[in-house]
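Only one chain is given next, in structure tokens, and it is the form predicted alone.
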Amino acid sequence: MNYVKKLSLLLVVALVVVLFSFSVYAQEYGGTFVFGRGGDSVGLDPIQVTDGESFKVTQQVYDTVVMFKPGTTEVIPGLAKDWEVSEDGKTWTFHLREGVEFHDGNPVNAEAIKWNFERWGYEDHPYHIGGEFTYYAYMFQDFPGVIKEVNAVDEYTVEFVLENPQGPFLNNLAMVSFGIASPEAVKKWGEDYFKHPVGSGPFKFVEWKQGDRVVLEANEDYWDGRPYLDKVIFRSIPDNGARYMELRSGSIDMMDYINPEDVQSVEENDDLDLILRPSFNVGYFAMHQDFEPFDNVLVRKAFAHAINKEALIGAFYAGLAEPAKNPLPPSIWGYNDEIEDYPYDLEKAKELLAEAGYPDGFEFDFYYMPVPRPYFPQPKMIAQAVQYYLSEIGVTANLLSYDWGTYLDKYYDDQFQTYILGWTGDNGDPDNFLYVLLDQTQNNCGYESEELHEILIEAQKSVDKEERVALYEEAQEIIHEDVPWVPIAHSTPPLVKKTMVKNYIPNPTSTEKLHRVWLDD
């Protein structure tokens, strides 16, 4: 082959490579992704919120020290590129990525990590302000709790010294609630920081029109590469049917919590895809034991027999759920499958009520959530169905609700006699369900069990998985016998997207970063 032919061939190959690269770039980069959701965020400071709608947004704005591999709860590097733990399990040393900046240009370094944890952990810290630091209390307690101290060894090395080994420590660090904020931004905004979030994540905060939308834009300098999307908009559309209509009309690109009757139309629509998020949750009916007659275990067991879980799943979940018998979903290790659920049995329920001293029933207040969640996709209708089941045993439930923020406030203030709520796992560890939701130091249903508390603390301190499994199986037996809740369902939450939305990988925790999602226009 002569020189001219070789040169021509090389030029053709180069042109093909350039055109292919441009095609991939054109497909992947650019565009605005609009996600329709069932409710608004409560706040945008991740340490001060507990709701999934807030975490959907903060996941994009903040990074954590370590994070979860897409689609899993496997811990992988985040702001820390690697780490090691001492032989006694009490000292964890993390080596941070160099040159990472917050969206305001300040450096992400060991001092910034230390400042965030001390802000969360010390109640007398000058910026421990703006609301509750609930997840920190759940996972680490106030200093000196699980974490004894945090040290900045050098600019890019941060050390966590624990009071005792903690089995779920690394998984806890990966939770979205522990997103690292710019210390300077927190100092600047003070009490209002929850409306002006500044992290180091793949998207920067632009605006929040409360009750309507949150707008984010790409962080061009993100350490894991520039996001494919230019903008992400989270729109609040409370009604499932209205949200689905907007998806079909093209005004949003993706949604969650579809009505069961719409699932078939999605499957028949070539322009839409149905995605099932891995089941990682529990929806439950809770009975607060500080209120009579729910201090009586016989009443609680009667309610457990009176609720028809199979019928609820068939009517309101499009069959995309399974009945729950434990607070822990079967997808998480440590699940006790030997436990037998309380069967739906109205006669047994009536017998238990009579034995408890309520042969003619009683009247009580029953609060239901105002927004759909993965574990209760149609909360009002589910509450109405539960109200009907309980009426069959002579009990009158007065249905009540509030807006989402107020509902959560009153829940945390222990103001509800009974209520429906639920939980989606944050980190893949049983501790995140059993301790967080039902330990006597944590729960919001007046449930006290010293036996359960001792087991859960022992399980926390162990780093032996087999030992922890045995302890959690025992814990579930105690909970089953005491019936602080009636577990209703573990759902497999459906999401619907346009087929043009590519590379959306649902995480079982219900939040995922969107920087690798792209639009195929």
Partner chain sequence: MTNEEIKRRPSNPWYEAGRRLLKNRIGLLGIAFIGILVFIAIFAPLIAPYDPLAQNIMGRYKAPSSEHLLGTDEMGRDILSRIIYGSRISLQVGLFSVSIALVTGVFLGLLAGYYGGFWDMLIMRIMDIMLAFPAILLAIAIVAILGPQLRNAMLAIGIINIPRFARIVRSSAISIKESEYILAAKMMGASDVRIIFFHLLPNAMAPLIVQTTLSIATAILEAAALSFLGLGAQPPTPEWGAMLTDARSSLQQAPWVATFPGLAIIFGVLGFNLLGDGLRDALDPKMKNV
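If you're wondering where the values come from, they're calculated on a predicted model, not measured in any experiment. Numbering follows the first chain given and starts at 1. Rigid core: the largest C-alpha set superposing within 1.5 Å between the two forms.
Not pictured, yet referred to below: the form predicted in complex with its partner chain.
- Proximity to its partner chain in the predicted bound form, taken as a non-hydrogen atom within 4.5 angstroms, holds for one residue of 389, 416, 285, 136, which is 389.
- Taking a 4.5 Å heavy atom cutoff to its partner chain in the predicted bound form, the contact residue among 440, 336, 289, 384 is 384.
- The candidate stretches are 158-166, 97-105, 307-315, 180-188, and the one lying within 4.5 Å of its partner chain in the predicted bound form by heavy atoms is 307-315.
- Taking the partner from elsewhere, residue 115 is found to have every heavy atom lying beyond 4.5 Å of its partner chain in the predicted bound form.
- When contacts are judged by a 4.5 Å heavy atom cut-off, residue 267 does not count as touching its partner chain in the predicted bound form.
- Not displayed here, its partner chain is approached by residue 399 to within 4.5 Å at the level of heavy atoms in the predicted bound form.
- In the predicted bound form, its partner chain stays beyond 4.5 Å of every heavy atom belonging to residue 360.
- With the core held fixed, residue 369 shows a CA shift of 2 Å or greater between the shown form and the other one.
- In the core-superposed comparison between the shown form and the other one, the C-alpha atom of residue 164 has shifted by less than 2 angstroms.
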